[in-house]
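Next comes just one chain, in structure tokens: the form predicted on its own.
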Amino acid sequence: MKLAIYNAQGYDKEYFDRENLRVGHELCYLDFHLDADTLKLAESCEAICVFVNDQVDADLLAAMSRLGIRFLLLRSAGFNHVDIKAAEAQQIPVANVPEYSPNAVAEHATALILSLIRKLARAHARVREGNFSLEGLMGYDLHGKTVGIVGTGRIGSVMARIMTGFGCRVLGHDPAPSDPCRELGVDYVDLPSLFRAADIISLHCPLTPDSLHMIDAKAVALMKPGVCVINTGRGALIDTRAIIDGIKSGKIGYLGLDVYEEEEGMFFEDCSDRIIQDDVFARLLTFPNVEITGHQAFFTREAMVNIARITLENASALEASGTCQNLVLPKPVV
């Protein structure tokens, strides 16, 4: 199969080339985003592969169909950036990578928690300047705290195991409670109860119409003063303006973000020689109790191997039969 891989970074090429030695697809790397103008470069390809920062809407899917593009492959678990109903209408099967490394994301969320509550970034900056004073660096023990995990799927379950290991009480919220989490002693509660009780809240749920801005002004008002909020899920799970108001009021004591609701066109890019035009994001950067990473929670060697391997396996299965085990809706016509 000839496969156009959009927004291909150097690390994508390295891992896809390595994994492709086993399956022998023809890979065409394009180092820019997929849009109406760049789509024409995939005209001779059977499939297109995109990451989370490429929006694949109905118009783009219709254009793909006209070009004879048969399949859409995602280098991600999430698929909120794809108009799935439009894909179904165009009979373009969409396959994702549902489990590339739950450990990577959960461990990154844990790193953000520890860095924030122990003020590691500020301490590191001080020591580099020869300042070894401990004033202003007081933290607190993670042991014994209540951690609320919203979304207890693969990643959330790993997070629950890690937090249990630290000696935390863990609360969970998920429409489909996890048996492994229950075995760990996770107590499932409704969202308001979780918001009221948790010292730390970590988001690991998908972005859907129901979860859009689940952390809004009303949710913040329910939370404990000084709560630590972590988001390694999707940026739009949080209403950023509401969370900024919460930081300013002192209700939000710590905020750790690996995702941002307006990250498209900024994350995964080197913007160091540009002025950030997003005033809301720029405001976040001014707070000493906020730490932001650029959507890197997934970014480990193990995850990259799995993303490349599973994406190419999806391509092979689709080429052979028109379907694969990692098929997102729509179901293909075979």
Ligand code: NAI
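In this text, residue numbers run from 1 along the sequence as written. In this text, all values refer to a predicted model and were calculated from it rather than measured experimentally.
FYI, the form predicted in complex with the ligand isn't displayed, but the following is about it.
For the chain shown alone, Gly233 is a contact residue for the ligand in the predicted bound form, at least one non-hydrogen atom being within 4.5 angstroms. Contact check for Phe267: every heavy atom lies farther than 4.5 Å from the ligand in the predicted bound form. At the 4.5 Å threshold, heavy atoms of Gly226 stay clear of the ligand in the predicted bound form, well away from it. The ligand in the predicted bound form is not approached by Arg309, whose heavy atoms all lie more than 4.5 angstroms from it. Looking at the ligand in the predicted bound form, residues Leu112, Ile201 and Glu261 place no heavy atom within 4.5 Å of it. Just one listed stretch, out of 239-247, 137-145, 114-122, 175-183, contacts the ligand in the predicted bound form at the 4.5 Å heavy atom level, and that stretch is 175-183. For the options Val150, Ala219, Leu255, Val82, the residue carrying a heavy atom within 4.5 angstroms of the ligand in the predicted bound form is Val150. Contact residues in stretch 289-324 (any heavy atom within 4.5 Å of the ligand, taken in the predicted bound form) are His295, Ala297, Phe298.
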